[in-house]
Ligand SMILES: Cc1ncc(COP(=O)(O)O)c(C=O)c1O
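Below, in structure tokens: the form predicted on its own, a single chain.
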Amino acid sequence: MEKNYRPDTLCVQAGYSPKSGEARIPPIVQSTTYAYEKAQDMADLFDLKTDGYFYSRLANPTVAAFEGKVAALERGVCAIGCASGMSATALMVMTVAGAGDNVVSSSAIYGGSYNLFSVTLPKLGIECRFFDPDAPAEEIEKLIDGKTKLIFTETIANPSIVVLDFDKFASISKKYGVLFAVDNTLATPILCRPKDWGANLVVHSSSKYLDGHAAALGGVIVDLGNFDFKNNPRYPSFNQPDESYHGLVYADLPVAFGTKCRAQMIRDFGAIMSPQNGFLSYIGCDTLALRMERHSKNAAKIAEYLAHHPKIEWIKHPSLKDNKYYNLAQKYLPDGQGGMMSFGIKGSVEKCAQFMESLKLITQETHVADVRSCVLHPASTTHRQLSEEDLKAAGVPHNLVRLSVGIENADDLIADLEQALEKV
């Protein structure tokens, strides 16, 4: 696929090119295994000497089509389809970090990611050090030491709607020679390409905007191919022979991170995307560019309406000119700021519940970023396990309502919000 095609063309065309007489869209290869006539052909696959498929726990043709599409959109050299966004984040970290290592992460991230970093990874000996994404670079740099393997952030934070200052973190990453990883779920490569701003790795929950229909659980890791592991003392596992692959040295390969992630993490944890979900995600991604334009326009209109409503205490969407992150959004997200926003209902937490239960068109869901509009109260759901201190650090006050604006008619959505607010 031509590399200089624009994102809307890549959404439709990238990832799969049929040969003469083959299916126009990738077929669902619902098979665990693959047959070969020659023993050496299989041996070469197991030694990573040739590309191909030998067991769907490591790679599958249908999933590969989706991986190729996302890699093209993010301008990466490799993508790995995972069972979920959470498994993608976990496998990304474990590809580079082990017991005794640490990662530094923004505190303003999705609640599931926060729990992974603060609760589960420490049980495996991987420490996480959290920072305020708005903190000055000097303060964040104090968290980095010789065992730091990753800086983790979100392009648009869920649900605090913090917009990432890419230049600040790219500068820190280069200064210390540490990987810069970005969760680009809420922006997608249509609105922002982290590689253009210095990121090295991208992760997505593909169940959100990428597929758009909320019918397929999945995640994806993208190796952007712009980090040099060769002789980097911070990453000895990339420069030492992997005895489980006959002494293979990953830093010597054209695709170092992506190969190590698949060869070790996907192999041993088995959290690969299913063929069915790979297919659904592939065809959903066809309309990504069109959907992101509509999501962004709808959200901007609704944010303006809510900003002037007397029962709304505050609202966060980067399209608003008085938003703290407006200038950053104009720099990094000039073509639209997505459909996610958060706002505070005046009064008690009970007012939030009363408002959400009064909605008729917009539904309550533990989900975001598909074609249907939905709301959630994060403090009592996705961020329920966080302490009061952690909630504050994550930018999640108790009156925060998260609204994911879909692609319905914006005036119909505003009418639904209006009638629900009247009952608060």
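Note that the structure is a prediction, hence the values are computed from the model and not measured. All residue numbers refer to positions in the sequence shown, first residue = 1.
One more form of this protein, predicted together with the named molecule, exists but is not displayed; see below.
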Completion exercise
Checking 337, 95, 106, 185 against the named molecule in the predicted complex, the residue with a non-hydrogen atom inside 4.5 angstroms turns out to be 185
Exercise for the section: Would you mind picking the one in 173, 323, 264, 84 that has a heavy atom within 4.5 Å of the named molecule in the predicted complex? Expected result: 84
Problem - Interface segment, criterion being heavy atoms within 4.5 Å of the named molecule in the predicted complex, picked from 117 to 125, 213 to 221, 247 to 255, 296 to 304 - result: 213 to 221
Practice task
Check whether residue 316 has any heavy atom within 4.5 Å of a heavy atom of the named molecule in the predicted complex, and answer yes or no.
Solution key: no
Exercise for the section: Mark residue 208 yes when one of its heavy atoms lies within 4.5 Å of a heavy atom of the named molecule in the predicted complex, and no otherwise. Expected result: yes
Problem - Heavy atom of residue 101 within 4.5 Å of the named molecule in the predicted complex - result: no
Handout entry: Exercise: residue 281 in contact with the named molecule in the predicted complex, heavy atom 4.5 Å
Key = no
Handout entry: Members of 132 to 158 lying within 4.5 angstroms of the named molecule, judged by heavy atom, in the predicted complex
Key = 154, 158
